[in-house]
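Listed next as structure tokens is one chain, alone, in the form predicted on its own.
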Amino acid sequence: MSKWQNQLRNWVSQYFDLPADVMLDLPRITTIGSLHAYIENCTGLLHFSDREVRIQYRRGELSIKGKDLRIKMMLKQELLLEGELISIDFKELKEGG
């Protein structure tokens, strides 16, 4: 997506008071302490183990590290993760590559 398209989406999101996660194709993550993570707007599961889960979203990748991780529920664009959450990291795709 080009730079001007991103700027246009940002402007439309702010002007119409729309949630950024919907307009900008960003994941929405809701955590309950360090025990649960509910992830919305994801497009695929890249890796799963009891210590790390990597999830694809439209503009990059999300890495969740922890202990005794398990997938409690998985739908088309949603995932509920249980276990002891340690970190959540984002890796955005670079423009043009």
Partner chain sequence: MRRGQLTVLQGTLVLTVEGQLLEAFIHACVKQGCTFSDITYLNGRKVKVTVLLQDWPVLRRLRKNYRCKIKILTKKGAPFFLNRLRSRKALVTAVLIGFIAAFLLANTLWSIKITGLDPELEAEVESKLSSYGIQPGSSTFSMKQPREIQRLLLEDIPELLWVGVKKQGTSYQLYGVKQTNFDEADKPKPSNIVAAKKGLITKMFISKGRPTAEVNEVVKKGKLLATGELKEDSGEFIEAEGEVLAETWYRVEVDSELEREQNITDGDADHSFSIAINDFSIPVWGFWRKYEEQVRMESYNHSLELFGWKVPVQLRESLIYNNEEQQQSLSSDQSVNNSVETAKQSLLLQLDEEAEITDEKILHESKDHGKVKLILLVKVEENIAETKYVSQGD
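As the structure is a computational prediction, the values presented were derived from the model and not from experiment. Numbering follows the first chain given and starts at 1.
The form predicted in complex with its partner chain exists for this protein as well; it is not shown, and the discussion that follows is about that form.
- Within 4.5 Å of any heavy atom of its partner chain in the model of the complex lies no heavy atom of Leu35.
- Its partner chain in the model of the complex comes within 4.5 Å of a heavy atom belonging to Arg70.
- Within 4.5 Å of some heavy atom of its partner chain in the model of the complex lies at least one heavy atom of Ser49.
- Taking non-hydrogen atoms only, Thr43 approaches its partner chain to within 4.5 angstroms in the model of the complex.
- Looking at 64-80, the residues that come within 4.5 Å of its partner chain in the model of the complex, counting any heavy atom, are Arg70, Ile71, Lys72, Met73, Met74, Leu75, Lys76, Glu78, Leu80.
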